[in-house]
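Two forms, one chain: they're shown below as structure tokens, one block per form, named structure 1 and structure 2.
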Structure 1
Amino acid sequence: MSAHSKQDANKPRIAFLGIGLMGKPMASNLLKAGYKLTVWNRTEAKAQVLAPHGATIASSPGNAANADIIITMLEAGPQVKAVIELALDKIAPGALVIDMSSTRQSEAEELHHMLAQRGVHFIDAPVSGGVLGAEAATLAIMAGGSAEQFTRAEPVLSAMGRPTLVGPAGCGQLAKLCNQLIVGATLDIVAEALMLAQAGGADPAAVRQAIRGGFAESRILEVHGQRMLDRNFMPGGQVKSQAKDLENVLIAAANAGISLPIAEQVTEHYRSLLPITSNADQSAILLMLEHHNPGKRVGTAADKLPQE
């Protein structure tokens, strides 16, 4: 056993289902914090890398599910539902399922009801911060559920980042969608501002420098503004993920009975970008704007784009 795995018998036993790009560093941080961890992944080899750090490898979701807390970190809502259904008979009443994947708000609410019928608790707790945030245990974790179950989950979630309870079940997913809406729209508007700077005869890099630190300042202007100037569209957060999240924003808005005009327009822009590139970094929204303004271009660098 490695130095990482000083496991504590008083701590809840945790199952972690989904050891992908995000799940691996998140599970690793739980091991470092001393939790007894059983992990499962569809492709078992990816889970095996955690064995030397003290994780028990399970051959199926059901074999992992005999735990106090079951964490899922999967691609989207349908995958989460399928995996939970496979494990359902083995999850003990009173256990807590924490889904940290990004799903629709309605999918989280559905899981909540399905599990409640068996006396199993549920929190949706999607994250923001990417692989770097997962590795550094600085993820923003947006949690939906009861105050009681959040208190139970909080020490576990704190080993992976900064959890905040934002409302009842489903609201974690809603908060993540609010996050993605701001991110997607800010990307779109930074692209428009840089194009205005360049097409109007200014140096867009100097304009970005000049306005940084004022009221226009944002993480997007800082990170993705530079990406656009460099035309570096290697991911990063991909166009296809942003497009999926924005479609879910519109579904959540419709379910809430509201109309969000900027969200609708930004979603349409990302939707139209998909046939051009889906694997590129989301800052590639600049390409969509350039597509609609033939002959206009930001920066002089060659495009760096991933394979489709």
Structure 2
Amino acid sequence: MSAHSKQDANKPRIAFLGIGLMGKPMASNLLKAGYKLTVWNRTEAKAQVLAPHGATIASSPGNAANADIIITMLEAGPQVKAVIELALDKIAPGALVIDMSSTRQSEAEELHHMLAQRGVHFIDAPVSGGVLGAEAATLAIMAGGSAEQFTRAEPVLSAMGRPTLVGPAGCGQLAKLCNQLIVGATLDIVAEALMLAQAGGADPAAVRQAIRGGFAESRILEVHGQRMLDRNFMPGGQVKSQAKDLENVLIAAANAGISLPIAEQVTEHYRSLLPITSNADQSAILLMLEHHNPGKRVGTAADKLPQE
């Protein structure tokens, strides 16, 4: 079973549906924690890489779903609903579905009600921290559901990061949108700050270093500020995912009856970036800013970009 921990028969059986950029390290950490894990992915080869570490590979969501806890980590709400519907007849009453994808609050609430009609429990538990956080099991996990089911889920979630119960079903997604609004807006303003430093004649790397440790310090300035200086836009969190989340922020704001003018502006910036690149890291918001400032460029390195 490689370097992973021996599976513990007393722990709940887990199905993990979606072995992508984030799902692979998250599922790997569950194996390391000793959970008996069945995994499924639409492209089976991505799931097969976990077989040497002790995972059972399922050929369909239904074949995976005979478990105590079913975790989904998929692209968006429609995919989550479609996969759960494929598995629904195999999910036993009393089982717990934990959706760790980023979806709309309304989609999480709809899934909660659909499962409740079959006696199946639900928690929405989206994450923040990117691939590095997933690999290090340090993800911020925002959970929406009942206190009873959160207590049941907490040991499992703690194998992947730091879970916090933020309210009833759907509120995990709302908390994730709050997170993504702060991330998106901060990425936008860090890009503008580095551009201002460069265009004004200062060394942007030195400016970043000078302001770190003061009130402008943030994880975004630390990690993504360096990415912008290095012009390394290979994906951690992708532009298309950030854009989707910001669109969902505006939907949540409308549903709550409030106006968020800065969120609207940041969302428009990411909309403008999508035709330039959609698969790049979200720090590529710098490219949108440079597109609107012809002849201005931060740093001297060649761009590192994924194939679109």
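Residue numbering: sequential along structure 1, first residue numbered 1. Take the two forms, superpose them, and find the largest set of C-alpha atoms that agree within 1.5 Å; that set is the rigid core. Fair warning: this is a prediction, and the values are worked out from it, not measured in the lab.
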Worksheet item: Given the two isolated forms of this chain, which one is the form predicted together with a further copy of the same chain?
Response: 1
Discussion item. Between two rigid parts that rotate between the two structures, there's a hinge somewhere. Which of Lys176, Leu37, Ile91, Ala58 is there?
Written reply: Lys176
Discussion item. Please report the angle, in degrees, through which the smaller rigid segment swings against the bigger one between the two structures.
Written reply: 11
Worksheet item: Superposing on the core, what C-alpha displacement does Thr300 show between the two structures, in angstrom?
Response: 5.8
